[in-house]
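Only one chain is shown below, in C-alpha cells, and it's the form predicted alone.
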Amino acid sequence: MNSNNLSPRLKIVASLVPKGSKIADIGSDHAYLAINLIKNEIAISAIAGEVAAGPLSNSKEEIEKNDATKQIEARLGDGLAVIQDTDAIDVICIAVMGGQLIRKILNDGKTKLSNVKKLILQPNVGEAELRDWLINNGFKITYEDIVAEDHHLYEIIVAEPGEMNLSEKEQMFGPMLMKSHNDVYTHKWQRELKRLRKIEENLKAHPHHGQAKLDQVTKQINYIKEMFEYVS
C-alpha cells in the first residue's frame, strides 16, 4: 500500500471525504490517506497525527517525498491534541483502532469537535460502544459500511452533528448495516455467533464463572439470531 494505491478499507474512507475538506487523520499510517486526498484535490489541507516519534518520522518522509509539505503537516500528539483552532478542521478520520480507543480519543478531544462537520471512523472492534458515544454526544450516524481486508473485518461509521436514538440492537449491529447486510456483514455475525456459542457451552459446563456472564452471552446470541431473521 502507498498513497497512490490505498488499501480497500482506506479507499472507502477516501471516498467519503467531501471535496474541499480540511482533514485531520489521527494515527495516519505514513500519511497515505492525507497524501492521496491532496493529490486528488479532494482535501485542501491535512493534519497527519501520530502519537509516537517513529510513525511521525515515517509520515514526514512520505509527505516530503510526495512534495506535499505545503498542504500536509505531520504532528506529534495524543489523539485530537494535534488539532489547533487555526487549522479549521472540518473532517476527522480515525481508522483501524478499537472502538473504545476511538471513543476515548473523541471524548478526550471534545473541545476540538465544535466545528467538525464529519467524523469518518473505522473501528476494528467495539463498534457498539462507539455508536453509544456518538449518539450521547450530539452526533448522528449518516452512513455505515463494512469491508474485508487481509482476513480482518472493518466497519466504517460516518457521523455528523445531530440527534439520533438507537436501540441496544442497533448499537450492536449498526442501524444502516442491518439494512444493507452484505456478504461481509453476514460472515462477521456468523463468525461471532459461532464464537459466542462456544463461550456459552463453556459457561454452562463451568457454572462457577457466574450466571450473569452466561445470561449476557445468551442474550447476545439471541440478538444475533433475531438479527438474521430480520435481514433474511
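So that there is no doubt, residue numbering starts at 1 and follows the sequence shown. Since we're looking at a predicted model, the values are computed, not measured.
Beyond what is shown, the protein has a form predicted together with a small molecule; the following relates to that form.
Colleague: For the spot marked by Leu113, Ile135 and Gly162, is every residue within 4.5 Å of the small molecule in the predicted complex through some heavy atom?
Modeller: No, the candidate spot makes no contact with the small molecule.
Colleague: Given a 4.5 Å cut-off on heavy atoms, tell me which of 171 to 179, 189 to 197, 44 to 52, 62 to 70 is the interface stretch with the small molecule in the predicted complex.
Modeller: Contact criterion met by 44 to 52 only.
Colleague: In the predicted complex, is there a heavy atom of the small molecule that lies within 4.5 Å of any heavy atom of Val96, even though the partner is absent here?
Modeller: Val96 belongs to the contact set for the small molecule.
Colleague: Would Val17 sit within 4.5 Å of the small molecule in the predicted complex, counting heavy atoms only?
Modeller: Output for Val17 is no: heavy atoms all beyond 4.5 Å of the small molecule.
Colleague: Verify the contact flag for Gly109: yes if a non-hydrogen atom of it lies within 4.5 Å of a non-hydrogen atom of the small molecule in the predicted complex, no if not.
Modeller: No, Gly109 stays farther than 4.5 Å from the small molecule in the predicted complex.
Colleague: Although the small molecule is absent from this view, report whether Ile38 comes within 4.5 Å of it in the predicted complex, heavy atoms only.
Modeller: No, no contact at 4.5 Å.
Colleague: Could you spot which one of Leu101, Ala128, Val158, Leu153 gets a heavy atom to within 4.5 Å of the small molecule in the predicted complex?
Modeller: It is Leu101 that has a heavy atom within 4.5 Å of the partner.
Colleague: Go through Ile105, Ile83, Leu121, Val91 and name the one with a heavy atom inside 4.5 Å of the small molecule in the predicted complex.
Modeller: Looking at Ile105, Ile83, Leu121, Val91 one by one, just Ile105 meets the 4.5 Å heavy-atom criterion.
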